[in-house]
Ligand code: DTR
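One chain comes next, on its own, written out as structure tokens in the form predicted alone.
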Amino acid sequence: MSLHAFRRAQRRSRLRRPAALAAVAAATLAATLLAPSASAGPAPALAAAPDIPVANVKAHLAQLQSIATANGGNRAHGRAGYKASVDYVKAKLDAAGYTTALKTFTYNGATGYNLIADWPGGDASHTVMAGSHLDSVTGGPGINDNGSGSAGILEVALAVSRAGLQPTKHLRFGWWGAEEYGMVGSKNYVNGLSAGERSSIEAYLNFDMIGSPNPGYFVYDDDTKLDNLFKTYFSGIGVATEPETEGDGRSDHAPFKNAGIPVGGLFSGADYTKTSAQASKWGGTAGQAFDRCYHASCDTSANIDDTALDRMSDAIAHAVWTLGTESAPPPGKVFENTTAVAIPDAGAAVTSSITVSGVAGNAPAALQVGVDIKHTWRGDLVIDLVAPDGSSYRLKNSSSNDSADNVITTYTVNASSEVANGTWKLKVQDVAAQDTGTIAGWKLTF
């Protein structure tokens, strides 16, 4: 997990005052956003994910430890240990029938490598992608950060091969280089995608540190569907979760999210301290970091909690199987407004309107609201969808911790109580000073 990005956010946060608007209650947000999609009939049965043997995941970690030991004690960008790590993962995937590609980039005068692996088959216009960074810091072997995530998705990819899975959607896996320098590899990959290639990725799932020795169970809360997928899985095995906040913007999901791709993922904790409440919920030791060896030489194969690694790896498989074998959504009727609207700094709310016509009956229970807002500090923004009758649906609250640029994403709203035809509005307000933005465009898909 990138300390560079974390420190950058810390420096910038000192210059800002907290957002002035209170957050809407989580229960209200859930009620408006989490309703299931309407269906013309029963959903087809999805293929069940296999159990991922934690011994197999640990065997990959042992190999990464051996590679680090043989190469100066690390697997960092530009070092021999990183290239050896990439070669190890690639050989496993090639033998399992994947189409693999090494994509190079240059950073700090050194060649970096991203490894992309595609499983044959599935609809490439609906791609499900899972990724992890493979590099360590220079100060240690990086077995939890992030050998754990890399080994977890590797073993899930190999399980896909063993099962001979024939997904309805295309499956892709990625291992990123130079994450520890600020998500350099994943940014390079996303920036190199065409608009069509970006739009074909329905979901990007990120796994950065999933075996912390004093673990927590944190779920990314960036996308409603993906968030619920993981929360429901862990609830089913009796494990409570919390929204992931420690690493938000510090790992490789950030470039995908900034490009408007729905993101999700899991995290077992880094250098933040486990509270008493969290220790009561998850076990472990209160008052200690989730990973005391974060970015240190002691982040070795001994720095792993097997139970967390096992549960997280199984959750990855559940997500890949669930998303990869579900039916692709039918094309919807799209209404769009691309007229730019300036958002005043710490000012009144502004709106952009779309007039919907020719749609029979009410809006769907899973109305898709695509938003493209350019802003230099998106945590300042409060965003609502306003229905023709004036009913308001909260899409995004302000947050003083959300320091990234832009809101380019798709929200899902249960608007089934609203008549579809009429004028809908996107309402946006900047509630804190010092940053500016524009509604570049938005769309509704019925």
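The structure displayed is predicted, hence computed values, not measured ones. Numbers follow the displayed sequence, beginning with 1.
Another form exists, predicted together with this ligand; not displayed. Remarks below refer to it.
Asker: Of these, 110-118, 288-296, 166-174, 231-239, which stretch puts a heavy atom within 4.5 angstroms of this ligand in the predicted complex?
Answerer: Stretch with heavy atoms near the partner: 288-296.
Asker: Heavy atom within 4.5 Å of this ligand in the predicted complex: which of 226, 373, 201, 270 fits that? Just give me the one.
Answerer: It is 270.
Asker: Taking any heavy atom pair closer than or equal to 4.5 Å as contact, tell me whether residue 318 reaches this ligand in the predicted complex.
Answerer: Residue 318: no contact with this ligand in the predicted complex.
Asker: Is residue 250 part of the interface with this ligand in the predicted complex - any heavy atom within 4.5 Å?
Answerer: Result yes; residue 250 sits at the interface with this ligand in the predicted complex.
Asker: Answer yes if any heavy atom of residue 209 is within 4.5 Å of a heavy atom of this ligand in the predicted complex; otherwise answer no.
Answerer: Because a heavy atom of residue 209 falls inside 4.5 Å of this ligand in the predicted complex, the answer is yes.
Asker: Can you tell me whether residue 98 touches this ligand? I mean in the predicted complex, with a 4.5 angstroms heavy atom cut-off.
Answerer: No, residue 98 sits far enough from this ligand in the predicted complex that none of its heavy atoms falls within 4.5 Å.
Asker: Tell me whether 179, 220 and 244, taken together, all sit within 4.5 Å of this ligand in the predicted complex, counting heavy atoms only.
Answerer: The answer is yes; 179, 220 and 244 each reach this ligand.
Asker: Heavy atom within 4.5 Å of this ligand in the predicted complex: which residues of 133-151 qualify?
Answerer: Read in sequence order, the residues that approach this ligand (within 4.5 Å, in the predicted complex) are 133, 145.
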